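Before any questions on binding or motion, here is one chain by itself as structure tokens, the form predicted alone.
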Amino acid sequence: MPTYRPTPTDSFPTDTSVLQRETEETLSKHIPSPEYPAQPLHRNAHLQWLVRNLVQGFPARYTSQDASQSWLMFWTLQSLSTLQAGLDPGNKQKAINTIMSWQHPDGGFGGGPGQAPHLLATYASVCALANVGQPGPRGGWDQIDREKMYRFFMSVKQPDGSFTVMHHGEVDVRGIYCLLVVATLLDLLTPELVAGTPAFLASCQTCEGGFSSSSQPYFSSSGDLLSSPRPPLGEAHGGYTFCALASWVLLRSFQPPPAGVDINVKRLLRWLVMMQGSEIELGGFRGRTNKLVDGCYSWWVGGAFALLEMLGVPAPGKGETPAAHDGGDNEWDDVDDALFNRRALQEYILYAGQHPTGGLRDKPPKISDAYHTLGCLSGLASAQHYVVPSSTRREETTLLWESNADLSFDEQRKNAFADALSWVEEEGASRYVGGSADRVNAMHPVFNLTMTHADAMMGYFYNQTVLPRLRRNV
């Protein structure tokens, strides 16, 4: 068994360095050895864990998540889809009925019945409906009140282009991401809605290269909002960075940023790369500088690399990808052709992220939970599959576009639609540490939905024809 070097210290122990060393010692015990063999994806255990939570109910400790019922639903349904499983018609209808009980009379969705509408809960509810809903009576999609939802979105818009997550709530780039995803899926994007938003997002990039939750607005003595200075609030964080980057990608498709407004992609790429842990940390990702690796950042950071493709940052060796790999030490190139170590991330999830009784977790010895289960599975998908925007699929999509002459911004709608549906899983680029039996479905890099679910929802709400995919997700 190889011996891996621990993270060096400066010989002045702190709580942080002590915890780092303890974590590395724990993770090192999960490196495959005669005592701890390499672990495959325990698909059946995870499916049983998810179904038990959905059908029988979550354990009592989840009562603290009363305002996150929509998230618990989304994490569970999307995890099932990622594992290539679906619900029977009866349980689908139960899920739809439950989700629709969260729709607020004034628009948007709350975290539970009777709760105030919230941008994050609205994203979780709509994406859950993408999994189980459909057009028609009781199908959920036609029961979404899009007019009231748009009014709710505009009611939380701020003068600087940002959005509060709810009425009287805080500004947060996670809320902006949730709003833009829902607006893109449901054909609610308008120039009025996103005015000023690109500049706000750019102002949240920190000196490290990642993004913080928001930035500080400044006003003149007369009360006018100043364009600068706008220092970011807080340090760069994996969750904020993914949401800001995905939002930037969505906005570029619909309404390119004005002249002089941009993000530093080179600095962002450097920060993302530096978030991957060392060998003794099994290649997991951390969410902030000098913090511990955590399974959820397998998606928040690991999933962000695909988004860079839309910004023109190709992976090294693109165009020279070898045939698909089924696993084994001899089937990986000496130098990985991705921007991050795909093999190492899969190993972290498989060896340290899986809980023995089902579900996935932050890291051992913690228990599994719904949030980390989806974060790890989505991260596993991003490490297994190479998903890229296809210019061919985009061109074919635009040729099928049926214009709406009543809308002055119809060309912008077409661009947003075509870009969102242009992502494809590149054939021959999938790699699986434990073999093809461990394959999970590829994820849409922006929405964190299986691509066929995103295709179906957007095709319906835009009233457009969607090209079929060669590789169908369950």
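For clarity, every value in this text was computed on a predicted model and none was experimentally measured. Heads up: residue numbers just count along the shown sequence, starting at 1.
From this point on, the text means the form predicted in complex with a small molecule, which you will not see here.
S.K.: So which stretch, 183-191, 170-178, 253-261, 127-135, is the one near the small molecule in the predicted bound form (non-hydrogen atoms, 4.5 Å)?
M.R.: Selected stretch: 170-178.
S.K.: Which of Y240, F163, Y386, W248 has a heavy atom within 4.5 Å of the small molecule in the predicted bound form?
M.R.: Checking each option against the small molecule in the predicted bound form, the one that comes within 4.5 Å is Y240.
S.K.: Quick one: of F340, F152, W401, W71, which gets a non-hydrogen atom within 4.5 angstroms of the small molecule in the predicted bound form?
M.R.: Selected residue: W71.
S.K.: Check for me: heavy atom within 4.5 Å of the small molecule in the predicted bound form, for each of A195, F200 and K414, yes or no.
M.R.: Not a single residue of the candidate spot has a heavy atom within 4.5 Å of the small molecule in the predicted bound form.
S.K.: Could you tell me if F109 has a non-hydrogen atom within 4.5 Å of the small molecule in the predicted bound form?
M.R.: Close contact is absent here: in the predicted bound form, F109 is far from the small molecule, nothing within 4.5 Å, heavy atoms only.
S.K.: Test of understanding: in the predicted bound form, would H355 fall inside 4.5 Å of the small molecule by heavy atoms?
M.R.: Outside the cut-off, so no.
S.K.: Is Y297 near the small molecule? Define near as a heavy atom within 4.5 Å, in the predicted bound form.
M.R.: Within the cut-off, so yes.
S.K.: Do L80 and the small molecule share at least one heavy atom pair within 4.5 Å in the predicted bound form?
M.R.: Output for L80 is no: heavy atoms all beyond 4.5 Å of the small molecule.
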